[in-house]
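Read on for two forms of one protein chain; each stands alone as structure tokens, with the labels structure 1 and structure 2.
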Structure 1
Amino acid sequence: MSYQLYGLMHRGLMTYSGKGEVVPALAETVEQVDSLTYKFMLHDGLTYHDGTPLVADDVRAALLWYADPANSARSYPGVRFIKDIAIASDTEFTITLNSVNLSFLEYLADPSAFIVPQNQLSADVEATNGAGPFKLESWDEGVGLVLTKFDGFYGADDVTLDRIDVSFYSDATARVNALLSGDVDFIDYVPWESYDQLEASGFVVHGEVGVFQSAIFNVETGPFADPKLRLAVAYALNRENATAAAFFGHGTSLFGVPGSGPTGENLWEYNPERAKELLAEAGYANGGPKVHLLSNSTYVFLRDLALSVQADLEAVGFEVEFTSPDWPTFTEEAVAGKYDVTVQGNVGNVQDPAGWLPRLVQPRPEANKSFGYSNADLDAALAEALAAEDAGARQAALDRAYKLIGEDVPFATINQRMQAYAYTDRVSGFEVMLGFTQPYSVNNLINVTITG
């Protein structure tokens, strides 16, 4: 079950509002006593879908479960800072962190950080008994599911839909056809090539940019161990071309760290001449080194981006060998560093760069970060930003981090892609969340009404 649907069936302590702000959910009030301590008070009379009461003890069990690294929870990066949860009553408790984390509450808004009965906490089985606005009526695995309104939801009065029929369409064209033919009222992940067609047919297409793509490198072995060559790539990339090629123009170019403000968003620019200069400085005045560009055949947009990158690299003198196995083989090779450069997608799970950047630059093996990259100064700057007590100190630390990123190029961002939803004009009240919260926009279905 995808995490987009968690937001319909489950709730955590916090959630995202229609516009993507972090607001209390199961918690009625939240009080930050000091930088390390948060006091929570739950709504009265909270129950799960089956009617059993939701109590503070459940919250504690759930959060501690997410904090256990063995469980690979999505909210782990924030929840792991929890030192202690002290329960005062069924509805009152206090969480103490062992380190300052200004984004802590946002981690609790992650749809996957939901509260469920303790017997549902399992890595193998999907939790179906939650505290969210809709309950699961029926589920046909891989085919679809039916959700009906849960009257015991704390905000049930505001929920306008009685029932949602969800069908899974793995083929994008089939999805679009389903909407065009009237089989469904609402679809997500509209393929970029269909935006215009759907709008021309009288449907509403509503999207925002969030998820971004970058070129990442093997910095351990091969030519890209030299930061000059990585910097050359950052200048060589023609972002506009890439967006046109992969997203039919529906995206925004990136020249730095997305969502980081003026200090972080303009680290590089499209300047092939500068790229060539850098190559010359690195010792490749007459044609660049031969590099292996690893792409994959499963996700077409990543492959199209890679093809665009290949053209850009060759334009400044690199010799590019292009391979494109399917996703599982690609993943294996990416983690093992069997490439010189590759193109990958990324998203942060919180808005704060100090929160999501570490994963991209720390030495832990990942499929979507540069292989072998490790920069102690950068780690220090980010840690400082995370632990900062006030905004000013935080920004200063972040600025340092951005400068380091601009010079050392642990990744060369290309663009942010638009993710859109499309629906019939009988649907109203749907909003798309901005930035990295965009995938959670399905949560906003609770505010949606449909006529006819």
Structure 2
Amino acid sequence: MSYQLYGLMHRGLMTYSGKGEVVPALAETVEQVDSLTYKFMLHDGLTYHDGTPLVADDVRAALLWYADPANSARSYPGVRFIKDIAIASDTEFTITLNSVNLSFLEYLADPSAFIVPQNQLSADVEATNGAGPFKLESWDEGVGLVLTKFDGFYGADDVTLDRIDVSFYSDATARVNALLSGDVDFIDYVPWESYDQLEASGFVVHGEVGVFQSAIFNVETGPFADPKLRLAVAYALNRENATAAAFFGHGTSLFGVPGSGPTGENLWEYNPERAKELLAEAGYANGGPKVHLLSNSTYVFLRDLALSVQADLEAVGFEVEFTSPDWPTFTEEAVAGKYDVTVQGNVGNVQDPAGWLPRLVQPRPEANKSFGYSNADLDAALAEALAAEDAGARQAALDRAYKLIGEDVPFATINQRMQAYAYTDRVSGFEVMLGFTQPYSVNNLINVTITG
């Protein structure tokens, strides 16, 4: 199940409000005692959907499981800072960190940081018994599921829907057709080419930018082990064309680190002449090297984005070999570094760049980060920013990190894409969260009213 369904069926200690602000969830109260210590009090009488009590020991077991790197939890970058969880009672406990992390509570709000019975803490078990606003009534795997309101939810009085029927569709066209035909009232991941059609047909199309796309590199072997050639790519990318080609113009160009402010958002520019100069400085005055651009045939927008990148690279002198296998093959090849450059999407776990950037630039084999990249100075600057308690020192450390990213180019950002939901006029009260919380907006279905 996706984190969108987890957000309906589960809850963690914290969650996001309708506007995307971090607020207490299973925790009725949270007190930051000092920079390393957080004291939590759970709501009285919490239970899972099957009636089993939810107690502090469950919280401890879940958070420590997520903090184990062997479990590859999405919330790991934040919960790995946990040093100790001291339990005072079934409803009261204190978490002590081993280092300051200003984003710690936001990591606890991630929909994947939910609390479940300890027998569900396994990669082999589907976590369906939660403590969230809706419980699983039935599940037809691959077809759909039915969720019904959980009356034992701590905020049940504020949940306006009694039932949600979820249907799975194989592709974007099928989702759009289901909405147009009246089979469903609400769809997510509206294809960009359908925005105008749906609006013209009387549906609400509501979205925000969040996920960002980048060119990422094999820096271990091949031409892009040379940072000058990575920098050449950053200057060669025509981001406006890329947004038009892949997202029908529904997005914004990126020339640096999203959400980083003036010192981090303007690291590069579209300057193909500068790209050619860098190629010459790297020893390719009479034409660039041959590079393998890996894409995939499953996600058309990523393929179209990669084709735009191919045209940009060829325009400044690179010779590009383009391959586009299916998604499983692409993922296998990307994790193994069987490419020179590829295009992938990313979204931060938290809004703070000091919190999410380390995962994108530190060595860990993932398909959506540059293969083999490592920079000790960059790691140190980000660690200093994350641990800083003084705002000035924190910004100075971040500015050093942005400068290193601009020069060393562990990734070359392209754009942030608009991600939209579409629904009928029977639906009211739905809000779309901003920034990196945008993908969690389905959580706001608890506030929706259906009329007619």
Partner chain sequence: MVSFLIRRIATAIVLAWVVLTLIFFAIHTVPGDPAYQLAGGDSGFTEEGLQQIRESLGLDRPLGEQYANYLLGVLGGDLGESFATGQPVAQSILRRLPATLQLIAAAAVLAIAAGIPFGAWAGRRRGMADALMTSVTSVALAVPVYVVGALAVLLFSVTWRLLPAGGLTPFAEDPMGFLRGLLLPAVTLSLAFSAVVARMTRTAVIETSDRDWVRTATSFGLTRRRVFNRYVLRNSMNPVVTVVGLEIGSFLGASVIIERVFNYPGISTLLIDGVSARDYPVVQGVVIVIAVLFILINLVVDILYGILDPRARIR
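So that the term is clear: the rigid core is the largest set of C-alpha atoms that superpose within 1.5 Å between two forms. Keep in mind the model is a prediction, meaning the values are calculated, not measured. Here, residue number means position along structure 1's sequence, counting from 1.
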Structure 1 or structure 2: which matches the form predicted on its own? 2
Superposing on the rigid core, is the CA of residue 422 displaced by 2 Å or more between structure 1 and structure 2? no
Please check if residue 38 moves between structure 1 and structure 2, taking a CA shift of 2 Å or more relative to the superposed core as movement. no
Core aligned, does the CA of residue 191 move at least 2 Å between structure 1 and structure 2? no
Cα shift between structure 1 and structure 2 at residue 48, which is computed once both forms share a superposed rigid core (Å): 2.5
